[in-house]
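Before any questions on how it binds or moves, here is one chain, the form predicted alone, in structure tokens.
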């Protein structure tokens, strides 16, 4: 089985000022995940590494680049899942944790639960020795300026999402040489969200899903819309019925647009190695590595290739 990794940096109206760093960021994350796969690591390790890379990159709305809620604070959500046993871990409304995707994996591996939220998630992190950062550590200066400029939530979440200052989720899917798939998704949510607001990213079947029998998906876009149609599971239901990854994602995104008028995107990989990165928003930075070729893009129907050295 040839390993595959596919990464996205969020489906939204990425402004030109962030275009180059967003593409560079997803390429770096994909390479990091691919190194893990090439060294014999599993799909779960690969997606965690890829997402951690983006959580550490202030170009993305996750970890160090996360947007601020109404109180000017960072609240983070993340999900990770592996397809062999359907083991899953998730955290929501987490504060002061640099890499919530790794905390989500700890929930999966060290507790009997699937999701921990808020204070409970932070107490769990403390109990297992996960470093807690100072409150200001995850707030980048540019985000503080954006928050000050746009702290008016009256126009509604969908209008915020369509604007070029909305930002969005990061995620990754992978298939390893043993035929196992995995998915991970992480986000800081949407700027000026209500305190405690949780979108699709940490919700199994919405923000992501992984099953060796059908494939792995990581979703991105308008969280409330994704939740309403359980987008990740919807995509895999089409793949279960024999649809190619690209067609499954396109059909599901089209349904979400028609049914609840929501935009978004997803990356997906099938057990056969068939993969895709599709979106209905203005842009989505994405990258994939398969068979020694790095594929990447940002604009609709854009696909560039580089041979790995």
Partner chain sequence: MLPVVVVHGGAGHIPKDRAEISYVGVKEAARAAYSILRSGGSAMDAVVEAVAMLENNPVYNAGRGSVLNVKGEVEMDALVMDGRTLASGAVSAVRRVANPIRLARLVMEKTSHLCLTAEGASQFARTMGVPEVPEESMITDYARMRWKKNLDPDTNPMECQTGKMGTVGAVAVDLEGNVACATSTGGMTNKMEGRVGDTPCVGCGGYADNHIGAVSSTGHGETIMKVTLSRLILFHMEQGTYTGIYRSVEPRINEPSEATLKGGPTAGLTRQCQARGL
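In this text, all values refer to a predicted model and were calculated from it rather than measured experimentally. Numbering follows the first chain given and starts at 1.
From this point on, the text means the form predicted together with the partner chain, which you will not see here.
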- Message: Only one of 131 to 139, 176 to 184, 97 to 105, 195 to 203 has heavy atoms within 4.5 Å of the partner chain in the model of the complex; I'd like to know which.
- Response: 195 to 203
- Wondering, does residue 146 line up within 4.5 Å of the partner chain in the model of the complex on heavy atoms? no
- Looking at the partner-bound form in the model of the complex, is residue 237 within 4.5 Å of the partner chain by any heavy atom? yes
- Contact between residue 214 and the partner chain in the model of the complex at 4.5 Å, heavy atoms? no
- Task: Mark residue 78 yes when one of its heavy atoms lies within 4.5 Å of a heavy atom of the partner chain in the model of the complex, and no otherwise.
- Result: no
- Query: Looking at the partner chain in the model of the complex, is some heavy atom of each of 120, 190 and 224 within 4.5 Å of it?
  - Reply: yes
- Note on the structure: When the partner chain is considered in the model of the complex, the residues of 219 to 254 having a heavy atom within 4.5 Å of it are 224, 227, 228, 229, 230, 233, 234, 237, 241
